[in-house]
Every structure is written in structure tokens, then in C-alpha cells.
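Take a look at this single chain, the form predicted on its own, given in C-alpha cells.
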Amino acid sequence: MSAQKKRTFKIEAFKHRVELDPKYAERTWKVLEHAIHEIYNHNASGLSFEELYRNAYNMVLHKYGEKLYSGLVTTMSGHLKEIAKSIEDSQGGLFLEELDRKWGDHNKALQMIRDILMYMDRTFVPGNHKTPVHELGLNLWRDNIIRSGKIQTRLLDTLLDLIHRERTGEVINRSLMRNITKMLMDLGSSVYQEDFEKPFLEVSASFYSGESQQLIECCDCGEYLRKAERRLTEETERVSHYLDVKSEVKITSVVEGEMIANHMQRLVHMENSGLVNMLVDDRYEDLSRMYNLFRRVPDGLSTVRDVMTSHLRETGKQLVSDPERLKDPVDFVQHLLDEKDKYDKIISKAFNNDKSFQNALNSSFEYFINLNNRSPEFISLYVDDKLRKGLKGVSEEDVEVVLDKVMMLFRYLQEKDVFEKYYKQHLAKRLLSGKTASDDAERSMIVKLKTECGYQFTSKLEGMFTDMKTSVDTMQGFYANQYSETGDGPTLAVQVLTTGSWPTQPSAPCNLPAEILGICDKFRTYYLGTHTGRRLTWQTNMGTADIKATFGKGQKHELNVSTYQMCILMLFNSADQLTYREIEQATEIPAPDLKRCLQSLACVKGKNVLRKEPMSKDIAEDDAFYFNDKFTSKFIKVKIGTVAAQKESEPEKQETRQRVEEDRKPQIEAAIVRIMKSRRVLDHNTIVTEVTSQLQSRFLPNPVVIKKRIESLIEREFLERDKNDRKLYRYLA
């Protein structure tokens, strides 16, 4: 089969010139012009759109596009001028309706005209840089209708009047408003913005400026904020119903500026209803509203935060310096915790857990807690109170909550080492008197302290628990060894305390009764026999005793007393009456402790196993004491506590402070040596800064003390001064 021959086609021009009827263009345009008139007069049903399209097509094809385009502009402009006159003549409320109706008609007409002139739109318009038919129709409507002298002003005034009436509570035709504003948007964003939005925002600013002035004179802060919030909601709804979505930011900004930003200071400081009153009265709803409104404006939240911080610092300062509050440490700390809970709740419920507000709260608490140098002692006393009795019958979860709150206050302390000192003393008393409510709670507290401050902070506290456990084993060994020898004498329970771990102070020796001395000597012999290289010192100020007593009519009771109280009571086995001086001489108990013991034995109702003459609350050195034969109690076991010197007295406080200062010296020196060892050469100010930075988790070292420690290290040849610059120090290896 042979291959087919390839054929090519060629299109050639007409051999002769095609002549057009000279009146063709005019005649064709008349047909199209008539069609446009009919369309605008609502008589389009009788038109043949196919024929009209072909006519327009031929005009463009035969190079009459310019005539067609200019004819369209002239014809449409003529019709729009007639429409403008019709709109201008409409009366009152019919003005917008007529405008809306005519706009709808114009859009329909424009759609039909664009369909007829589609070919011109596709070829002639882009080739000759003309405006497309639809856009042309919009521009002509803008120029002949919207921006005609009489309509432009009337339209703006009508729209603004309707919005004003809606703001004052009237119901308006939102659907019609939406159609009109959409028309302005369809005509181009510049038309909407210049002819409506810009004046709308100016009028709104004026309206809200006047309204805010009026409201702030007659409303309280909460009511004013409610009205401002309602206005913002109304404006947002207005935008969603009939304004351009981009107007929302602009109009809300106007309301925020006029109603909130311009009156911030007056609102937060408003008498009897401002921010401080809201905080005091826990008005969460009003506070939340203030937070949400003020966050919208520049510097709004910082204004609220500053006023809250100022108020909190002032109330906190009053709280920590109130002499009445300082009388009861537990109540003092409870008030701090209540205040913290109060503001935590406000920040959570009203301020959206805002971090900046939490930081302000923390810095305020840190500021005023450290104004009172007894805060570490009081917080330790609060924990002591809770771990002694306050947590009995409380679930583990609740115990953790209480301890976590205490730890929160602990974090604010700058002198954590002072807290440690007191906590160690209070823990020792709890452990030795067996008054701790829960071992688990005690250990949980130590774990929290360890997490917060590290192992070094709690190593001695953990050592105290170890000693208590070891002591139990020691006593079992002692009685197993001495069982046959103890007979009917007093029984002894000894806690052997490691000197470094416990807050033991050298106490004046107390004269123990002969009955007790015997078994004490036996224990000493046993202990030193089983442990080599150790020394035992009796801490009689820390012990307790159970003694049996017989009162009038043979009434027997078992008295639970301190070691000191036992020494006093045993004297009355051989005497009915003793003076204060005789008791002091016989027992050699230190005077402050002796007075407290006698007070609890003779002056506490229901526990007065001794009688004092003359009868008074305080102990004087010329008082006389008698065995109270008439003592009665419904309990067989009677616990006689020592009248607690719960807070330290001024001399004790000074002594504790002195011990703390002494303990700080080696820590400061160690920090200086660590820094100098790594840096070799440093100036004085940098050393002070770095030492403070290293130690601030435990305490804030005094720059004067740091200077003294540097001098001490220079004397001991750890450091030397630079020969040329006296402010420079060098490390000596």
C-alpha cells in the first residue's frame, strides 16, 4: 500500500475589495441604541439578543468599535441623568428606597448591555485601553448619581441620621441600609470610604465623646463599663448587619478611644467604685469587664496592673506592720495566705491568668513580706502549728495544698536561711515531744524544701529523722541489756541527737531528782560502752516526763509535764511550801524557763497542781508556792503544757539573728573563693554582684559584710590586692 501524498491548505484574501454600505455603522448603532433605551425602559422582552449581539460584533469587526463605545457612554449617561432627577424628586423616607430600586434596575440593565456588547468587551476594550462595560456602568452611576450635588449630601445625611436614630434606640430598616452600603462598596472601596466611612467615623467619635462625658458624670465605674461594653457590642453587630467588615476595626477603635482610653485614669480611681473597690469587694464580673475593655487600648492593662500593684503593696505593708496581727504569728501567716488566695482567684477568674498580673502579684508579695524581718520565723511557726495539730483528720490532698501554699510564701522570703534556722528549732520540738500530727506530712514538707533549695538546705533536717529512728533501736538495746537491773524504778526514753543536726544550745545544767539520776547514769554507761569516741550531754530543757501524783481524798492522776516541771514537782514530795528563790536554788533552772514552768503549774485553770501566793498571772521572785491538795480533774491523765513563748523574745531574737549572721560568713567566703578561683582577677563591685547572685536563693548578703569577708580572706592569704589598682583583687593559689 503506497503512502498518501501530504496536502497543504492556504487561505488567501478576497480577490476584490468588499465595499460596505456607508450608512451601515449609523444604522446598526441606531438599532443598538434603541435596544439600550428599551432595556432601561423595562421593555427588553421583545428584543432579539442574538441579533443585537451580531450587530455589535459586526460593528467591532468593521472597525466601528470607537463609535459603539462612545455611543454607549452617551446613551447610558443620558439615562442616568434622568434617573438622578427621579431620585432627587423622591420625598423623605422614600429617598433611599428609590435609590435602591433604581440601583437594582441599573444593575439588571448593565448585565443585559454587557451580554450584547460581550465581543467589544473582549477585543476592543483591552486593545484600546478602555474601561470594561460593567465597570463603566458603575463609574457612570457614581459620577451621575452618587456624586451629583443634590444626592451626595442628602445620601450621607440620611445614612448618618439613620445610624444615629438606631444608636438612640429606634428601629431602622437594616436591609435597606445594607443594600445602600453594599452599593457604595460595589462602586469601589474609595467611594465607600470617602463618601461614607470617613464622615461616619468622625460623627461617631463626636457622639461617643459626648455620651462618655455624660455617663462618667452620672454612673459608677461598673455601670459605665457595662454601657461601654454594650456600645462596643452594638457597633460590632452594626458592622455585621450592614457595614463593610473592614469598618469593624475602625469603629471599635473610635469607641475604645472615646469611651475607655480618654477616661482610663478617672475610671480606675473612681471614688467608691473604681478598681480598688472592685478588688476589695471581689467583684469578678466588673474586674473581668475592666480587663477585657482596657486590654483593647494602649497602656490599658499597665494602668490596671499599676493600680492593683500599688493597692496590694499598701495593704500588704499595713498587714505586716500591724501590731495586732504580729501578736499571733499563725493568724499573721493565715492572713497572708488568704490575701494570696484572694488575688490568685481574681487573676484566674477576672484577668484571664495574665502572666504580667501574676508577676506583679509575686513582686508585691515579695516586697511586703520582706518588710517584716520576722516573716521567716512566723511562716515556720505557722507550719509548726499545722503539723502539730492543724492537719489532724485532713486528707493527704488537703495537707499537700496547705504545704504548697506555705512553700509559695517561702519562695518570697529573701532570708531563707533564717527560716531554716527557725524551722529546725520547731521541727526539733515537734519530734522530741512526739507532737507531730503526721510523719508523711513532715517528710513531704522536707521534700518540698529540698526541691526548692537543694540537698544542703535539708540534710540536717533529714539527719534529725534518722536520729529519731536510731534512738528507738538504742532504747531497745538498753532495756534488753538492763532489764534485770531496772526493777521498779522510773523508766527512761532517751533520744540521742547528733550535735550538728539538731538546734541544741548549751543549756545551763538542771539538777535532776536523785530517782532519775540513777537510771540516767546507767544509760550513759551503756551508751558509751557500745559507742566509742562519743560524748553525751543531757539537754534537760528539751525533755518530757510522766509522773503519778496523789491529791486530797486519795485522788490519783498521771501528769504529763516537761523535764523542768518534773524537777519542780518532785521537790514537793519533801516540802508543802517553797518560795520562788528556794525552787530556783534547788533546781538551777534558768529564770525565764522557771517562770514559764511555774506559771503553767500554778496559774492555768484546770491544770493548777500548785497554788501561788499572792495569786496573780505573773511570777514574781518573792512568790510562795504550795502543793494544791484540792486539785481535781475529770481526766486521769492531765497534760500540763509550758506556757509557750511562741514568738521569740527580743533577746532570743537577737541571739538567733547573731547565729544566722555567723553561719552566713563561711557561705559568703566560700562564694568569694569559688568566684575568684575561676576568674583569677576581679574588681570589688563585680565580686559583690556575683556573690549576691550566687547566694540570693538563700539570703541577700550585705555588701558591707562581703567587704569584711574579702578583708578576712586577704589576711588569710587567699586573695591579694593589686599593687597598681587597689580595687582589683587577685586569687592566690
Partner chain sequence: MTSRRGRIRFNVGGKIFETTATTLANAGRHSMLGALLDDSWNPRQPVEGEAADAEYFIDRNPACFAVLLDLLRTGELHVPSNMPEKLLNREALFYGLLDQVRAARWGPFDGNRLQLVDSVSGRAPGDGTAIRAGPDGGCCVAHGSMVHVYDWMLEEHRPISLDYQQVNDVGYIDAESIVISARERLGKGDGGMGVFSSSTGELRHRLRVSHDNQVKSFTAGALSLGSSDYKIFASCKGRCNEYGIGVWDQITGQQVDFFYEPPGCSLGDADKLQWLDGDKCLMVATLFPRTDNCFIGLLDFRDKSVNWSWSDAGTSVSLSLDEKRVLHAIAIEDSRSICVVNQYDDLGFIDLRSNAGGVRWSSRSKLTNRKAPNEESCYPKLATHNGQLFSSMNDGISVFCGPEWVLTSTLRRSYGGSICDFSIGGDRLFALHSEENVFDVWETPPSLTI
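Numbering follows the first chain given and starts at 1. Since this is a predicted model, take the numbers as computed values, not measurements.
Keep in mind that the form predicted in complex with the partner chain is missing from the display, and what follows is about it.
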Taking the partner chain as it sits in the model of the complex, is Lys617 in contact with it (heavy atom to heavy atom, 4.5 Å or less)? no
Find out whether any non-hydrogen atom of Met112 is located within 4.5 angstroms of the partner chain in the model of the complex, and reply yes or no. yes
With the partner left out of view, is Leu225 within 4.5 angstroms of the partner chain in the model of the complex by any non-hydrogen atom? no
Is there a non-hydrogen atom of Cys567 within 4.5 angstroms of a non-hydrogen atom of the partner chain in the model of the complex? no
Residues in which of 239-247, 530-538, 121-129, 208-216 have heavy atoms within 4.5 Å of the partner chain in the model of the complex? 121-129
One residue of Arg674, Arg54, His62, Lys665 in contact with the partner chain, assessed in the model of the complex (non-hydrogen atom, 4.5 angstroms): Arg54
Which residue among Val31, Leu700, Leu47, Val705 has a heavy atom within 4.5 angstroms of the partner chain in the model of the complex? Leu47
